[in-house]
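A lone chain, given as structure tokens: the form predicted on its own.
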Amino acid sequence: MDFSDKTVAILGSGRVGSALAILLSRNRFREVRAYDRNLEKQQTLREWPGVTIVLSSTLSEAVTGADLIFLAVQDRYISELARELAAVSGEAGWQGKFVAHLSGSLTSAVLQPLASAGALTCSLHPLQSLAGVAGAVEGLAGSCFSFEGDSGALAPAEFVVSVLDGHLVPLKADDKVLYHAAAVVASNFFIVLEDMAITLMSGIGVDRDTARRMLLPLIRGSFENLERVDPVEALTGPIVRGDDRTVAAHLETLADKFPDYLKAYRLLAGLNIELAGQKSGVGYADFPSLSGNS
């Protein structure tokens, strides 16, 4: 089903909302509108080359006559904005309109005031780490999007994701929190781990920028392995080899130089053993160094 003859309204001009407005404008919808209470945020859209985006001056102006409406605001504002939208005068008309928020953790239930007014509501979350508008424009296209909500909202959501060259994955409402936890582990915790590695490099006198550049090829190699095979097969390193002597040496030097990281190393090593066991048959008994409390 083709929805390109529809008018799109995007409420919120942060990096995700701005990137969505830019990308959808490139795909020749009848009209793409954007609104943000902070008018300075819209300057990026005003200056972005090669797109035509109507910058609305009021919330009512943005949604009146719009067919596909996206709430691209922070999670804590979605419920309030939904209530405000539901109170917009009848000329906006919510019956049959598609309304989506872009939160990874919240379900479509937060849009209940609009659903009660007749809108087809859903959550449509891009599973992507987006830094800055330019990065979001590049990263949003081709991403996976989770969908949860009214079955009537599925077709418009599928069309929007298709024009972004993305992939849509339906979820149940009860699965949203665990889905978001997985996303946090994959994205946020990964960054924390790399910061830990960079900090450990400082222990041998390598500055942070040099350490980051040193580690990036290793990180990319691990990503490329993960693209090709399951994590069990992608795993490398001393634990999958059953090399307790190396692990013991790690623990000893961490205790001496970075004791605050010992707990994290032990926890991650334990998870590593459980995964490595599926590949090489190693177990906790092969790592007596991890049985102590140091």
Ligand SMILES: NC(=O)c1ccc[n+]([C@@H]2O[C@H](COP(=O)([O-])OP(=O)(O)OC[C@H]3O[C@@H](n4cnc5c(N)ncnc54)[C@H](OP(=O)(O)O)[C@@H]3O)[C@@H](O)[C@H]2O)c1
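In case it trips you up, residue 1 is the first one in the sequence shown, and so on. The structure presented is a predicted model; accordingly, all values stated were derived computationally and were not measured.
Below, we refer to the form predicted together with this ligand, which is not included among the displayed structures.
With the partner left out here, this ligand still marks one of 29 to 37, 245 to 253, 229 to 237, 265 to 273 in the model of the complex; by a 4.5 Å heavy atom cut-off that stretch is 29 to 37.
Remark: Ser103 counts among the residues lining this ligand in the model of the complex, judged by a heavy atom distance of 4.5 Å or less. The closest non-hydrogen atom of Ile22 lies beyond 4.5 Å of this ligand in the model of the complex. Shown alone here, Lys176 lies farther than 4.5 Å from this ligand in the model of the complex, counting heavy atoms only. By the criterion of a heavy atom within 4.5 Å, Ser129 is counted among the residues contacting this ligand in the model of the complex.
Out of the listed residues Leu120, Val73, Leu164, Ala157, Val73 is the one that sits within 4.5 Å of this ligand in the model of the complex by at least one heavy atom. Each of Gly17, Lys41 and Ile78 places at least one heavy atom within 4.5 Å of this ligand in the model of the complex.
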